[in-house]
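A lone chain, given as structure tokens: the form predicted on its own.
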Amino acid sequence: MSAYTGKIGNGYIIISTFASMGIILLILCVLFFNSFAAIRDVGWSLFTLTWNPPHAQFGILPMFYGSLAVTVISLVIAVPLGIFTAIFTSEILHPGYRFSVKAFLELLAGIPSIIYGLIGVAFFSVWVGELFHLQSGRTIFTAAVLLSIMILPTIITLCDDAIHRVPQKYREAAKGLGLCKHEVIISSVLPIAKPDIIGAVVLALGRALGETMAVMLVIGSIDKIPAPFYNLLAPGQTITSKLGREITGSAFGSLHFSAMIFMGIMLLVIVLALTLIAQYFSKSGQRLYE
């Protein structure tokens, strides 16, 4: 590569980086401008429990609770299952079959979320309702389990890549100390791949927070925190399902519309923070290899 070509490449990367930062800042500015009316007129009342637009009540805490509950439960289900599956495909499965299995898992990751939502409405919510003797199976628990299925291929694929990239010399060194197969994985491979595994989990968390269509179809869309709050077999609402269902019904420029945009800002800030965390754990300075 010539020095001239290298300068063009570096210039393209720098321009792309600043363009991306500019787009993100522009989005934040547009969202803040459109949500300013809610911030000015509603203020701290945005962080209350009651959402009733006709009475100018725009408490977003029930949506925060729904997003938090659905995301945490889906990660509790998907993370251990995804990591163990990645260990199997990378360390135990015969290398000749690994490519086929990974291709199938990546295909699952590419299925549109509306397909998962339709399956959830047609079958999964019905099964949950019959299993727990509920009037409706559209609950927080249903949405969380469906979401765990959706993020599982992402966790498996990224964790498999992280584990597979660990150089063979670390495995051979561990075997040289007399460790058996599972001890090599636990004491050598997983600690080295840990930063990338954490980054994969954080990225899956961002995907879970941003999922809209499938969750909207099965969560029940009730704007309140269940009583008691740990009753996950009750309907709920997430930020994304609220935005997806109600944003088109609010008049542009109204206080209702402004409060909806404010929820979008909060969601964007959370996702950006998680992305920065993922970048921190994925930076090369913390790896034992390049």
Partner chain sequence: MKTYYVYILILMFTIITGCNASKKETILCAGSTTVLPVVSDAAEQFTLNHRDVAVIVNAGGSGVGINLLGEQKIHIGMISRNISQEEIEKYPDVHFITHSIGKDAVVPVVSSEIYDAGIIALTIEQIAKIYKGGITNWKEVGGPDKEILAVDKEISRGTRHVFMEIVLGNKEAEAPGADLVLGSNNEEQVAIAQSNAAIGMLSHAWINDDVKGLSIILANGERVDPTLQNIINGKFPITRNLLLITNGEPQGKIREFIGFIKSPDGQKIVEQAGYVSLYR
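Remember, predicted model here, so these are calculated numbers, not experimental data. Numbering follows the first chain given and starts at 1.
Below: the form predicted together with its partner chain, not depicted.
Using a 4.5 angstroms threshold between heavy atoms, residue 217 counts as touching its partner chain in the model of the complex. Proximity of residue 122 to its partner chain in the model of the complex falls within the 4.5 Å heavy atom cutoff. Of the heavy atoms in residue 135, some are within 4.5 Å of its partner chain in the model of the complex. Its partner chain is not shown here, but in the model of the complex it comes within 4.5 Å of a heavy atom of residue 126.
You can rule out all but one of 65-73, 26-34, 261-269, 46-54: in the model of the complex, only 46-54 has residues with a heavy atom within 4.5 Å of its partner chain.
For the candidate set 61, 222, 232, 39, a heavy atom within 4.5 Å of its partner chain in the model of the complex is found for exactly one residue, namely 222. For a residue to qualify, one of its non-hydrogen atoms must sit within 4.5 Å of its partner chain in the model of the complex; all three of 245, 248 and 252 qualify.
Applying a 4.5 Å heavy atom cutoff to its partner chain in the model of the complex picks out no residue from 88-118.
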